[in-house]
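Next up, C-alpha cells for two forms of one chain, structure 1 and then structure 2.
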Structure 1
C-alpha cells in the first residue's frame, strides 16, 4: 500500500490562494491540498474542463478565456457553489484562482457561513510582475494528472513527459504572450483589490512568492499551521 502522505491534522476551512497569473497558486494549492487530503479547487481547471467537454458553460467561457478576460461572476459562482456541496469538501478545500472579484469574495463569505465553515484563510502570493512572463511562457502541464512544470525552472526529466505518470505535457492556449498581457491587466484591475478587502477582514497572509517552490511551500504550510484551529 502507498504510504499516507496526508497531513495528520484536519484543515477544516477554505484556504484561498490569491496572486497574479504565474505567481504559483496552482503549484502551491495542489501541494497543500495533497498534504491535508482535501480537494484542490481550481476554477481555471474547472472552466477548462467545461471547454474541452463542450458544455454550454464551456461554450460561453471559451472565447472569454482566449481573450484573457474574466468569465462573468454569475457563471463561476454557480459552478463553485455546486462543487463545494460535495461530500469530499466536508473537511475543507483549497481554492486556486477563486475568488477573483469582490463580488465573488462576498458571495463566498456568505456561502461558507451558510455551510457552517470557519472563516477562510487567504494566502497572498506576492511577486514582482517582471518575472511572470517567463514563468507563464515556460509552463507545461500534464494532461493526465495536472502536474505543473516549467521548461526553465522546473523541467521534467524527459522533455514533454510527466515524471509522475508519464502523461503528455501541454502548453495552455492562454500562455501565449499576447494573452498574458490582458490576463495581467485583468488581475490588476479586478482581482488585486481583493488583497485590501481580505486584509481589512484580518484574513490575509502575505508570502514572498519569488523564493523557490519548496521554500514558498514551507512558508505556506507554516502560515496555515499557525492559525489552524482558530475561528
Structure 2
C-alpha cells in the first residue's frame, strides 16, 4: 500500500523488539499492538498458519519443523513478506521475535522500503542477567490463548489459571534454570549484534526492562509516540 493512503494518526511503521529471553518482548509487543490496533506478528504463528492451511510455503516448512530443525531464512523471509502485504498491516505492525539476525534485519529493511513504510522503530529492552533468571524461571504461559504471567512479578489471580480464558498455565521447558544459561549465551552470540546494527542506523531506543511491566509499557509507548510522524 502506498504511503499516501495511510492515516497520519496510525502507527504507520514496523516496531521491532530486541532483548534477551525474559526481557518482556512478547508481553510488550502484544500490548503495543493492541494499543494501536495493528497486528502482532510472530514468525512462529506464521509458520503454524502456513502448515495448517497447507500452503506451498507450509509444505516446505512442515517436514523441517517435524524434524525439530530450524526453518531456513529463505522460507521465514518469504512468509514475512507475504504477511506484511495483507490489508491488516497497512497501518503498521509489531514484530515479536523477528528479526533474529543482521541478515534478516537487512532484508526486512529493504522489504519495508519497497512497500513504502517509514523507517522501523526498534525498542531494545535492557536488563541485568540476575533479573532475567528470576523472570524466566517464574514465567508461565496460558495453554489456550498464550497469555504470559510471572509468578513473582505478574501472577494470575488464581494460581495456575489464566485470568482471561481460564486456561491452564504451564512452564515452558526452556524456562527451566538448567537451560537458561545456554539460551542467554545463544542470544548473545546470534541476536545481540542486532542492537549494534540498529544503533549504527540511529533506530535503536533503549528501555530499562528491569522496571514493572506497566512502567516498561509506559516508556515504550512514550518512545513510540515521540517518533510518530517522523520519516
Ligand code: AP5
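If you're wondering where the values come from, they're calculated on a predicted model, not measured in any experiment. Between two forms, the rigid core is defined as the largest C-alpha subset superposing within 1.5 Å. Numbering follows the first chain given and starts at 1.
- Note: the form predicted together with the named molecule is the first of the two, structure 1.
- A rigid-body turn of 35° separates the smaller part from the larger between structures 1 and 2.
- For residue 74, the Cα shift between structures 1 and 2 is 3.3 Å when the rigid core is held fixed in the overlay.
- Once the core of the two forms is superposed, the Cα of residue 55 has moved 10.8 Å between structures 1 and 2.
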